[in-house]
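Before any questions on how it binds or moves, here is one chain, the form predicted on its own, in structure tokens.
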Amino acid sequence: MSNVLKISLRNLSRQKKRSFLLGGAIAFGVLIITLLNSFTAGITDNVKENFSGIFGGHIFVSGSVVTSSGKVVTVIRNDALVEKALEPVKGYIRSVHKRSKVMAELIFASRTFIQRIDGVDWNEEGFLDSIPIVSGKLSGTVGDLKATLKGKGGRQAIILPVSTAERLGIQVGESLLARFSTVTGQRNVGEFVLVATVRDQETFGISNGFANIEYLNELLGLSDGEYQSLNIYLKNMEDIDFVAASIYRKLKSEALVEPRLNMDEPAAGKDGEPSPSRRRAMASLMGGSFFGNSVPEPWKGTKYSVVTLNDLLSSVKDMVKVLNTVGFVIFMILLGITMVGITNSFRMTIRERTREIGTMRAIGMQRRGVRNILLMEAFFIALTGALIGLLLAGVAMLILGSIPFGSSFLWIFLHKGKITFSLVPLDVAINLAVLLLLSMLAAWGPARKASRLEPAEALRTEF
């Protein structure tokens, strides 16, 4: 076997130009597929992380109760059951935060605009670290803004998307009114002071404002200790589905729970409208009821809902699948072209080495040895090309990942204003295995033909 390896490596060095061209083609294919796979994986992680900053978590537990008048109210009044459901997965959880939500009519001067407002705890949540601040109070730094929010000025502070502020014509430091319904259906008005604007993502249908949860709960008519949603951050986003399933099972064993989102259900119907389960998931996350104005069957106590970031980003996941599929198709096309090149190259090699092969057979080399020499040549060409492709991909990732994009509208795909690449070892291993297998299959026919040459006939051959 050692002689086979030595002869294979020697033959590659004898045909440097041919080996370089074949290896270069393979390296280019590996470069493209590795960059694309790492890019889409990085985008997925960034989108999840940025959306978790906007929505305030990875998993969202909300509750609804039916009042004596038959109205559905979104509220969690006793979170002992929820806390009990979190106990089995406590080791997976990074932090837990309470939030309330409302769709408010913002009023400034003669202008109005409907905006979703999330009530957050300024002292506990770190969402400002993941949302790009466009303008802020004082010097405009995140540090000064945090100090403002945690001080006396934080009670009536409000942070709005920059597009909303522009529509209203309001500047940082000015006051505005917010008009909305309480949880029991009464109209209420609160006064807020704009302390900052943030980059939003209206392209994705997401536009959030943020206010003090204590002040917002008072305006909503919620009592002390009540809130609308428990937002859970995990240590690892890969555990989202597992942890959500555990929480769902625990809640379901002791209370009413809304069915989880059916991931097999089409995202939209024939009319283009979201499917029923997706409407319920979005209603739960937005702070609305699961059923709108109608209650099919009133219930007693609290009915819970468990929604995850993965449920909400199914369209992004579909986009990533499409990109990965396109990348794999391109990779296979490049491999197909390269495989044809390998086959033709080895046919020429056999033609040029016919007498050499005859000599090796005449001095005792078995047919299997001749075949293995050519297969090992194909293997080493593919392996070397793949390693060079991976190295080039790593260099390209470092260069592209160092380019700052600032707080552009693409920030939802970026991490701190930069592209990130996430190299998935399993994808690399699969691509490498496919490449090596196809390369050796491409050389199999010529190698088998070479091994069947008769020594005497091969030695008499002249070109």
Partner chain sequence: MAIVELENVTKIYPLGKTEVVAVKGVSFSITRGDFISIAGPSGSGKTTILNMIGCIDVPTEGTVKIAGRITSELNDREITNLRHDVIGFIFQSFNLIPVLNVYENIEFPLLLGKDSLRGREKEEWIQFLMEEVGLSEWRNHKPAELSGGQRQRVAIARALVTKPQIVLADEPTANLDSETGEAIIELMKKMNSDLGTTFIFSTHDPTIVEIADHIIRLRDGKIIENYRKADREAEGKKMRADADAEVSGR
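None of the values given here were measured: they were computed from a predicted structure. Residue numbers count along the first chain shown, from 1.
The following text describes the form predicted together with its partner chain, which does not appear among the structures shown.
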Heavy atom within 4.5 Å of its partner chain in the predicted bound form: which of 332, 255, 362, 93 fits that? Just give me the one.
-> 362
Output flag, 11, 366 and 455 jointly within 4.5 Å of its partner chain in the predicted bound form, heavy atom basis = yes
Any chance residue 356 has a heavy atom within 4.5 Å of its partner chain in the predicted bound form?
-> yes
Which one of these stretches, 207-215, 245-253, 324-332, 348-356, sits within 4.5 Å of its partner chain in the predicted bound form when only heavy atoms are counted?
-> 348-356
